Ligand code: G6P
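Form predicted alone, single chain, as structure tokens, below.
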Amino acid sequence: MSDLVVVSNRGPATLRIGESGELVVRHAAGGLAPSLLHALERLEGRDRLWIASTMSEGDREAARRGLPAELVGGCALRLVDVPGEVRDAAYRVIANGSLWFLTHGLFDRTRRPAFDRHWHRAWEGYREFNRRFASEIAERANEGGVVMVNDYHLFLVGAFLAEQRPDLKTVHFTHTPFPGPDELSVLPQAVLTELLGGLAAHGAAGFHTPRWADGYLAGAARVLEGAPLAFAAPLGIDVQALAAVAESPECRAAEERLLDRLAGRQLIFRADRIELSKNLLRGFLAFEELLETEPRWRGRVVFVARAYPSRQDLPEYLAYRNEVERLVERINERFGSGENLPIELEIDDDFPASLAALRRYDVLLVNPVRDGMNLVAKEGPAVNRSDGVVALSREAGAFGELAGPALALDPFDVSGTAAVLARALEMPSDERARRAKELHDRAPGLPPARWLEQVLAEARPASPLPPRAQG
């Protein structure tokens, strides 16, 4: 039993069974969960439990044994194992195949979504997935305990939990954007009501920006009686943790290799998942337009893109990766010569190498179609040592904090993005230094430990809202 329970689909570690039957914990290297775990380490005086879904065979074996795993900082981990067909429906079809597209504005409405009987059956799986999480929380949380539920995989947990444990103080935090009523209206009315009602059944709902909180409140006003509680808490970065990696031998070696490859050329850099919302294609097209319209930059600048695969079980993502790779090949064939290629696309997950490039970029391109926050836009200015310029999409959650010293761009405007890249590359050194210092000062924002304290302070007993009568 725990005073504080943190809940997410993916946990901060995976498990395997050792040769002697013991649980072996392998902590994840990157992503939200490890950052949140480090923030939990600093909370004192509470029994802490993390509940997550099984991801590996070791996870499933640990779940079958009912064994908790000990994580760094004294936090325990318990895993919820669900039947494969339930997880597939909840995770692949609903969470990643529908809710991710919805929250990021990615639907091509001439073709998608199409809510047929298979989709509605998958929604039943999503409901069951959330119900199982709620039951695990209800069993493990102390009387009057605090529960923090994370992200779009678990929008419905609050409603099930309020029925079982009304004594608990709960808060849900959505790390993606949250759309307004017009985009939400693509959902069937019954599904939309259940989704918003489930989110509103948490004691409070948090988002990274006021814009995302306002979208949620506006949608809820259309379908629910009464106003749910919502708040904005923009997540910042752990500067000390970043600095420690930046000074590591691995990062230093990667930086030396990068400088050798640059050979005096200026560096445009981006670091993303190969993900539809990250807008890689338009970023490369903008660079191509820059080289085409301003030939003086050919051979003088290199665009390094570190990207790692994402959701390769979805056909849209496989097709997107292929399109990205073909576009890069075409641009390199058009403007490259020998080993001197204008674009270096590196498909791997190498955080020290990414951090090395963040230390050295002249221009950091962050041009998502829409992002809940985007911490790369903050990590770059925090570690950069080259007075680098940040070219930042107005649709990134971080834009509200970094607008001004960052150069604004519209993510769908290829020519506009090319113009922003040109402006950044030719910016006078005194202006670069001024903007870089201001970005560096703003970048930390609300560090993870303080952010977590602020989020947990919003937790309160749930007050489920009934649906509004529909005419």
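In this text the structure is predicted, and so the values were computed from the model without any measurement. Counting begins at 1, following the sequence as shown.
The same protein has a further form, the form predicted in complex with the ligand, not shown here; the description that follows concerns it.
Of the stretches 347-355, 171-179, 114-122, 288-296, only 171-179 has residues with a heavy atom within 4.5 Å of the ligand in the predicted complex. Though the partner is left out of this view, Asn332 does not reach within 4.5 Å of the ligand in the predicted complex, counting heavy atoms only.
Although the partner is absent from this view, Glu136 stays clear of the ligand in the predicted complex, with no non-hydrogen atom inside 4.5 angstroms.
None of the heavy atoms of Arg460 is located within 4.5 Å of the ligand in the predicted complex. Contact check for Arg450: no non-hydrogen atom falls within 4.5 Å of the ligand in the predicted complex. Checking Asn142, Asn96, Ser248, Ser386 for any heavy atom within 4.5 Å of the ligand in the predicted complex turns up a single hit: Asn96. Shown without its partner, this chain lists Arg360, Arg273, Arg222, Arg265 as candidates; in the predicted complex, only Arg273 has a non-hydrogen atom within 4.5 angstroms of the ligand. The three marked residues, Tyr126, Arg131 and Phe155, fail to reach the ligand in the predicted complex, with no heavy atom of any inside 4.5 Å. Contact residues in stretch 298-317 (any heavy atom within 4.5 Å of the ligand, taken in the predicted complex) are limited to Arg311.
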